[in-house]
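Below you will find one chain, with nothing else, as structure tokens; this is the form predicted on its own, and questions on how it binds or moves follow later.
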């Protein structure tokens, strides 16, 4: 297997990117970066500051000036944004509802993509997001696009939230994913789309381990 490979994993919300990426990075002993967490961190800080999320200039300035770092802890990695630990806020409902809008802002994406490219340049990393294979790591050793129908993804998210004592109904989650897919796929700046040379995997009938094995097999065959 190639030493120092970069692996780009893209796909829509709840397609399994983060879980697959973490397991793959663990198997390979690579670093792991979920770029979605960076957009969520910006959203948390913007909400805390009560910024108008329709003010693209304000969001862009905030992101340009905001340090974001991942800090290891006994309980797992913690995400520090603007010198505040925002980890426990990343999956809150208000963040879920607004992150796609924030991530669609050109200045926000430009600032964060710059950081992501710098991180990826060191190699030996699995990076997941919406535009990794197309924009952040266009020369990645392996590009993967994970997909599943919005109904399948909504059911997964519903089960996850139920296990965490969530109160949202399946229909609420489904509508939320439909809205977020629309924003992600239709935004002017780097819309969600598979890279031309990506390995496309529909995860509906696959376990996490089967998806990871498929990616490893693809790496071995190249």
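Positions refer to the first chain, counted from 1. As the structure is a computational prediction, the values presented were derived from the model and not from experiment.
Although it is not shown, the form predicted in complex with a small molecule is what the next lines describe.
- In the model of the complex, the small molecule sits within 4.5 Å of a heavy atom belonging to residue 132.
- Using a 4.5 angstroms threshold between heavy atoms, residue 100 counts as touching the small molecule in the model of the complex.
- Among heavy atoms of residue 143, none comes within 4.5 Å of the small molecule in the model of the complex.
- Heavy atoms of residue 156 never reach within 4.5 Å of the small molecule in the model of the complex, leaving it off the interface.
- Residue 91 is the only one of 78, 91, 106, 117 with a heavy atom lying within 4.5 Å of the small molecule in the model of the complex.
- Residues placing heavy atoms within 4.5 Å of the small molecule in the model of the complex fall in a single listed stretch, namely 122-130, out of 67-75, 122-130, 80-88, 143-151.
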